[in-house]
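Just one chain follows, in the form predicted alone, and it is written as structure tokens.
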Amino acid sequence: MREKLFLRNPKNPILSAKDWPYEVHSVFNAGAAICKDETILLARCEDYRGISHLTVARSRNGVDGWRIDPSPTILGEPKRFKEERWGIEDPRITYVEEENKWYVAYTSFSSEGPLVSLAETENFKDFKKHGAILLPDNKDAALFPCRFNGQWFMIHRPVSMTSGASNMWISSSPDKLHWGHHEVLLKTSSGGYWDCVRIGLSAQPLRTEHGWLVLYHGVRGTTSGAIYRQGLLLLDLENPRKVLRRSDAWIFGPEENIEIKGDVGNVTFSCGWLLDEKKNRLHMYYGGADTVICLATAPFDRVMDYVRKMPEV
């Protein structure tokens, strides 16, 4: 039997709509960060109109004992940002040490299509929105936590209106607001592979001694619908435009009932993971079937052993 890297927490789902202090339909696809020795999840919450907003949940151990903000933490503000008319979704959080701030790349959604917006915070209580930073249709974005030769880098996923291709791109910026030097980072696999229809960034890039570890999602179409699974990339530490290794098989996918049945079935989708170096544990937070928040963990050294054996690109 194939060895599993990530093991599901027995308390899954660790958060669901019934845990929320106000009425929501579902909670899923949470960005993750550590702030003041607490695990922060910035959860996507969908209301009964179908409009999403973001709310902070805090925990000492990242598993239970969650303290959830009593009202939405970040709402769409269509009067200030027209692109947020139909809500905001799927945040990825990056801590920038040189500024002692966290940057949140999220998807804004309106009649013009989804696009990438950016906000910053120093405490996960007060957020400064910068508005849209990339044109539609685009989503699945996260910043790298440091500069490369003075430039900031970001992974994102535009969609071609001509070919319909959904590949991962990478861009650079002098100030995190104005982006250029766009190029394809990774293309979908061909044929019947698990990531042959669509790919995109999952959690924020993680620095390791061997390169930037990237969790990405891949989609394969079947006669009963699409299946969303997770795979891994390794990017060059000094040049994140260079892909070193790519997993040819998925490393995590829907198996449990809460991942197979929900608002969107057969989906495991992560927007955030955290590394506990002292305990050698990698914590992946993921949405199950676009309905609940779940947790899976893996020994970090085993993950890196797996990564170093992945096919070279």
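Numbers follow the displayed sequence, beginning with 1. Keep in mind that this is a model prediction, so the values were computed, not measured.
Keep in mind that the form predicted in complex with a small molecule is not shown, yet the notes after this line are about it.
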Residue 290 within 4.5 Å of the small molecule in the predicted bound form, heavy atoms: yes
Is residue 229 near the small molecule? Define near as a heavy atom within 4.5 Å, in the predicted bound form. no
Although the partner isn't part of this model, could you tell me whether residue 244 comes within 4.5 Å of the small molecule in the predicted bound form, counting any heavy atom of the residue? no
Heavy atoms within 4.5 Å of the small molecule in the predicted bound form: does residue 273 have any? no
Looking at 259-267, 32-40, 275-283, 66-74, which stretch has residues with any non-hydrogen atom within 4.5 Å of the small molecule in the predicted bound form? 259-267
